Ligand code: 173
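Heads up, the chain below is alone and in the form predicted on its own; it's given as structure tokens.
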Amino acid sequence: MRKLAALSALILFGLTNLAAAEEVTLRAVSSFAEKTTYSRGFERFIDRVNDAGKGVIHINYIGGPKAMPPFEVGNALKNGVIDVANATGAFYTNLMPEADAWKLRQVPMAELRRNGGLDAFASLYGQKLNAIYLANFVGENPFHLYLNKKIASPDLTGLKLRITPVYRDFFQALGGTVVQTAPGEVYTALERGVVDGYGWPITGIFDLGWQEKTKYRVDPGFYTAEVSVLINKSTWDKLTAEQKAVLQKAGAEGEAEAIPEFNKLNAEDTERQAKAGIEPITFDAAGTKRYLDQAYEAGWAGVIRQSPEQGVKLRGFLSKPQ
């Protein structure tokens, strides 16, 4: 009987250890500071995965740019240094130039899933970033040009502007001189007069304190922001169907929340900017048309220059139907 009891205990111990061993822990990094606008959706996603995936899958959130510089996240994901990334395509165009096309999306994410566009992107992520594209946690969230010098027309000649790849072609097409920096360096660049302005979405400047050094915002907005959850493909391929399902469900829930959430945030931050003394700059009808036309013409020209075949293909999926 004692032998039987001991054997039973060993079997139970082994089964317990086997169950524990089946839970996988993934390492995650955000390209944006923790608890700010472009990390909050990701942080909710992590909470959902960790709640629903108890005993099955767990995400260890390492942090934001203090843990890893934003422009290094894509390479870290590709090489398996991290398993999950919250990143915008602008931060890894050196690895996947086609990611710059995300900003030019003029159809809803749901339509992109239906029309084959997301499948086209998924193939590129697998080939170039060793990644699985899971979800986009930003709704319709336009970019703007913010300035400390007033302009009367869409002419940026003589202005030094902070950029990521999102704005490079557009701002240069309008005559601006561009300087690429990580978000954490922008406040000091504005304070010291290294730049006269910057590109950024309508939301998020209060997270970074940039409203203190900003006088004007050019309206209307252009393009749309994208911040997506990516998973290392080698890691993904090792997951069980149950583990993948937990991630997919949390991703779908986060993406569904994005449009109403950002509609609200867009309105709130526009009002906050007005109260902070940021003055909108608008052009006449002809100037506005020139400004927006130039944004999309320059944007697509840049994508197609970097990736001629795929750029043309993605334009068909992402552009507004004629």
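Residue numbers run from 1 along the displayed sequence. The structure displayed is predicted, hence computed values, not measured ones.
Below, we refer to the form predicted together with benzoyl-formic acid (173), which is not included among the displayed structures.
**Student:** Taking Thr88, Tyr167 and Pro183 as the candidate spot, are all three within 4.5 angstroms of benzoyl-formic acid (173) in the predicted bound form by heavy atoms?
**Tutor:** Yes: Thr88, Tyr167 and Pro183 each sit within 4.5 Å of benzoyl-formic acid (173) in the predicted bound form.
**Student:** I'd like to check something about Gly199: if you look in the predicted bound form, is any of its heavy atoms closer than or equal to 4.5 Å to a heavy atom of benzoyl-formic acid (173)?
**Tutor:** So Gly199 counts as contacting benzoyl-formic acid (173).
**Student:** Glu226: heavy atom within 4.5 Å of benzoyl-formic acid (173) in the predicted bound form?
**Tutor:** Glu226: contacts benzoyl-formic acid (173) in the predicted bound form.
**Student:** Answer yes if any heavy atom of Phe143 is within 4.5 Å of a heavy atom of benzoyl-formic acid (173) in the predicted bound form; otherwise answer no.
**Tutor:** Taking the distances in the predicted bound form, the answer for Phe143 is yes, it comes within 4.5 Å of benzoyl-formic acid (173).
**Student:** Tell me, yes or no, whether Phe32 is in contact with benzoyl-formic acid (173) in the predicted bound form, where a contact means a heavy atom of each within 4.5 Å.
**Tutor:** Answer yes; at least one heavy atom of Phe32 falls within 4.5 Å of benzoyl-formic acid (173) in the predicted bound form.
**Student:** Counting only non-hydrogen atoms, which stretch in 246-254, 229-237, 127-135, 88-96 is within 4.5 Å of benzoyl-formic acid (173) in the predicted bound form?
**Tutor:** Among the listed stretches, the partner-contacting one is 88-96.
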